[in-house]
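One chain comes next, on its own, written as structure tokens: the form predicted on its own.
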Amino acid sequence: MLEITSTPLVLIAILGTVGVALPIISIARKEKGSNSFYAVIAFAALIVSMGYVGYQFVSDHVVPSALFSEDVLVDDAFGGFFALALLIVAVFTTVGSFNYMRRHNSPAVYYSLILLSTIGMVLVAYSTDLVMLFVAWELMSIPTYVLVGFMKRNPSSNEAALKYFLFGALSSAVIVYGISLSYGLTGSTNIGEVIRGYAALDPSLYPLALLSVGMFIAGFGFKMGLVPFHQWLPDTYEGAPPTITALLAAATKKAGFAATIRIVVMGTVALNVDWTLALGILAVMTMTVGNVAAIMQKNISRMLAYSSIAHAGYILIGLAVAPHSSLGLQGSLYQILNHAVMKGAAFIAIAGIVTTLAVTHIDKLKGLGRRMPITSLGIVISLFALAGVPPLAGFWSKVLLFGSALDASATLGWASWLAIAGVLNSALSLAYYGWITRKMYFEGEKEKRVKEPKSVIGVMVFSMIFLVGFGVYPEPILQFVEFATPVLSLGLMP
């Protein structure tokens, strides 16, 4: 059995204690409008959590990635990698809310829900038991249902929350059905035991096993925004508070991929079934639908929502070719980390624009480069990084992803078409990313500069340093990704 260290429990203690305490403190203080007080406490809890996870890596207390364990939670590099990515987005969301929440009531509840949802996301990454995975999934999802509808007097927010809740409830039911099938077939909910059971399963029961894996992919595919499970996503992203949209687009999607990677292992390794073609087709459909739909949008939140769908397709390329290329999962993890920063920064920038100018229509962004220069620069760098323009960090993750497809073409002759589709879709995305850039910098009359929210400036500066710095010198991130990438082999099971 793997040696279990305390990282998941420490994160539960820090984030859970603060998350529960904030509403209690609010009641005791009997104060309204003290947004900064609760924001600082939530921010401190997230920074301490990030520091602890980072310290575990620096001090070599983290074991190499192992997808299977006899415990319900395993403290390995895979879980730690996702924990850091998810905590970064939670910090972005909290910091970006400093100014945004000054106009709204109940800040203690707002930041409490962010912390509780973050606990669920982190536990999804560390879970090695299907029941624990589902509990963590619901702990992540339920607070976000409330957060999406937090502006309860806004009809768009209420509509977004209702759609999100209905699709979320359906996905949870599908996941539970998959768990029930796997338990009925193997007599266990431990992922390692389930995979052992699937590997030794009677061939006559293979259809049920495949159905269970398909249920997992469909259920988790909802959160990832894969086609055809993406219908809820644009409306929800448009109606939700823009800071919460950052949490949904850059964090909950990543938790979905953390869960799916384990399920893909169940389908590819244990059942000895080649899912490459199915996942490859799904990847091409997802990235193409996302990019084509994004071009037609006029609202920047909806445009970035469809862009987020497209990036789920890019990430899926690595999962599709993972059994045939060791670079597959590395490329997916690299893109997941980069996307967390790129998309999180983009939506926090939108939150700053909404807070300062109260606009989201792309035509109203004319002259934004002069009115909000730092925010505009942060958006442009994030968008170009999303497109994979060198020398930004997004370029290297796409190189690794598309390179893994080319590497897999030695055994899968058609895998190279995944790389071609990825390159063409990346070029297509430049059409609407360039459109936004043109509106901000090359259209509109001379505008006077307005005061930009300092919290948004902080997020922009961090994201720009990250995307440019690790674009110029990607070696540390490459090593981190390589260490965190699990190996698809039954021989790793304890």
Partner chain sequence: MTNELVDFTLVSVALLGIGIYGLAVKRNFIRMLFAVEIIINAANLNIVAFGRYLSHAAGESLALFSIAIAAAEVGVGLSLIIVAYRMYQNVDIADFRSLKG
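Numbering follows the first chain given and starts at 1. Please read these numbers as outputs of a predicted model, since none were measured by experiment.
We do not show the form predicted in complex with the partner chain, though everything after this point is about it.
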The partner chain isn't shown here, but in the model of the complex, which of 364-372, 307-315, 89-97, 175-183 has heavy atoms within 4.5 Å of it?
175-183
So in the model of the complex, does any heavy atom of residue 228 sit within 4.5 Å of the partner chain?
no
Please run the contact check for residue 239 against the partner chain in the model of the complex: heavy atoms, 4.5 angstroms, yes or no?
yes
Heavy atom to heavy atom, is residue 146 within 4.5 Å of the partner chain in the model of the complex?
yes
Contact flag, residue 163 vs the partner chain in the model of the complex, heavy atom cut 4.5 Å:
yes
Quick check: do 138, 154 and 302 each get a heavy atom within 4.5 Å of the partner chain in the model of the complex?
yes
Of the residues 416, 356, 189, 326, which one places a heavy atom within 4.5 Å of the partner chain in the model of the complex?
189
Picking from 423, 170, 278, 289, the single residue whose non-hydrogen atoms come within 4.5 angstroms of the partner chain in the model of the complex is 170
Can you list, in sequence order, the residues from 276-292 that come within 4.5 Å of the partner chain in the model of the complex, counting heavy atoms only?
none
